[in-house]
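Given as C-alpha cells, the chain that follows is alone and in the form predicted on its own.
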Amino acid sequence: MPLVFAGVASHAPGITGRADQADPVVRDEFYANYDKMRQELEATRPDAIFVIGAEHFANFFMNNMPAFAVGMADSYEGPIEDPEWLGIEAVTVPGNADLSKRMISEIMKTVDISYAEEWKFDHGIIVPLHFLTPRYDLTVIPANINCQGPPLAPLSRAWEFGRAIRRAADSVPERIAIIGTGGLSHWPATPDSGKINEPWDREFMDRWLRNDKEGLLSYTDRQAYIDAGQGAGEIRTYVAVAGATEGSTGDLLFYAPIPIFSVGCTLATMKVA
C-alpha cells in the first residue's frame, strides 16, 4: 500500500515542559497547527506511523551508536524523562513487531540499519506523539538517526534511508504515515540555549518544501554547527522524509522562533503520490 502521509515536526522538550512560559499568542497558534496536522494525519486513516526521531542518549550511547535504528517491538514506553518535567504523563505506546520486521527486512536491502526490541521514548518521539496521537492508539514504528555523536552519517545516507522507508511502506498492505521530528537551528543545553537562527531555518525549510535534493544535501556538518548550533544535526530526520517523498512538494503549516522552547518551531507536510 503506498505511503499515505508524510510530515515533519519539532520535538523540543520545552514545547510541553515550558508551555506556561511562552508567548500565549504564538504558542496557541503553534498548538492549533499541531492539531491541524493531527487532523490531516487522521484523515489518511493510517494503520501505523513511522516516526523518525533524533534521540538524546536515552537508548543509544557512544559505546553502541548505530547510524540508523528501527524499533521492532509490540509496545514502547515513554517518556524516559521525568513526566512532571516534560509535562507528559507516562504511557505505553502500541507497536507491531511483525510489521516492523517486514519493513526492516525491506529497508535492509539497500541501507544497513540496526533494530531494537526494547525502546524507551524520549522527548524526541513522545512530544510529537502527544500532539499527533493524543490517545496513543495508533501503532508506532520508531526510528532513530544518530544526530548527536560524531561521526554522523552523511546527509546523502539520510536521504537514502528515507527512500528505503518509502519502498518498505509501499511493500506492505498496511497504510503507513511517516513523521520526521527534530529541531532546526538550536543550541540545546548550552549557554546559547534559546538562540535561534531564523533566516537559516527559513532557507532550510524553503529547500525542504521544494524537495530540493541538491540544496538539502549541500549542507556540511561544520557549517551547520557554526550557523545553527549543535542541534542542527537533526535536519537528517527532515532530509529522510524528503527522500521518502522524492519529487513531491510540501506545505508549511507553521514556523516561528519560540526562544523559551529553544527552537524554531516547525510543522510541515509533504504531498505523497
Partner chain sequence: MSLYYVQKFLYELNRDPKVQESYRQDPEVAYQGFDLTDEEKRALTEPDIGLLFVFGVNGQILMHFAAFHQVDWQDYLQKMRDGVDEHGEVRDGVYKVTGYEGVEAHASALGQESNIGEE
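Note that the structure is predicted; figures quoted are calculated from it, not measured. Residue numbers count along the first chain shown, from 1.
Form predicted in complex with the partner chain: not shown, discussed below.
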### Task
Counting non-hydrogen atoms within 4.5 angstroms of the partner chain in the model of the complex, say which of 192, 77, 170, 203 makes the cut.
192
### Task
With heavy atoms only and a cut-off of 4.5 Å, decide whether residue 211 touches the partner chain in the model of the complex.
no
### Message
Is residue 160 part of the interface with the partner chain in the model of the complex - any heavy atom within 4.5 Å?
### Response
no
### Message
Even though the partner isn't displayed, in the model of the complex is residue 81 close enough to the partner chain, meaning a heavy atom within 4.5 Å?
### Response
yes
### Query
Is the gap between residue 13 and the partner chain in the model of the complex 4.5 Å or less for some heavy atom pair?
yes
### Task
Identify whether the partner chain in the model of the complex is within 4.5 Å of every residue in the set 34, 97 and 250, based on non-hydrogen atoms.
no
### Message
Only one of 89-97, 183-191, 68-76, 126-134 has heavy atoms within 4.5 Å of the partner chain in the model of the complex; I'd like to know which.
### Response
183-191
### Query
Is any part of 45-60 within 4.5 angstroms of the partner chain in the model of the complex by a non-hydrogen atom, and which residues would that be?
56, 57, 58, 59, 60
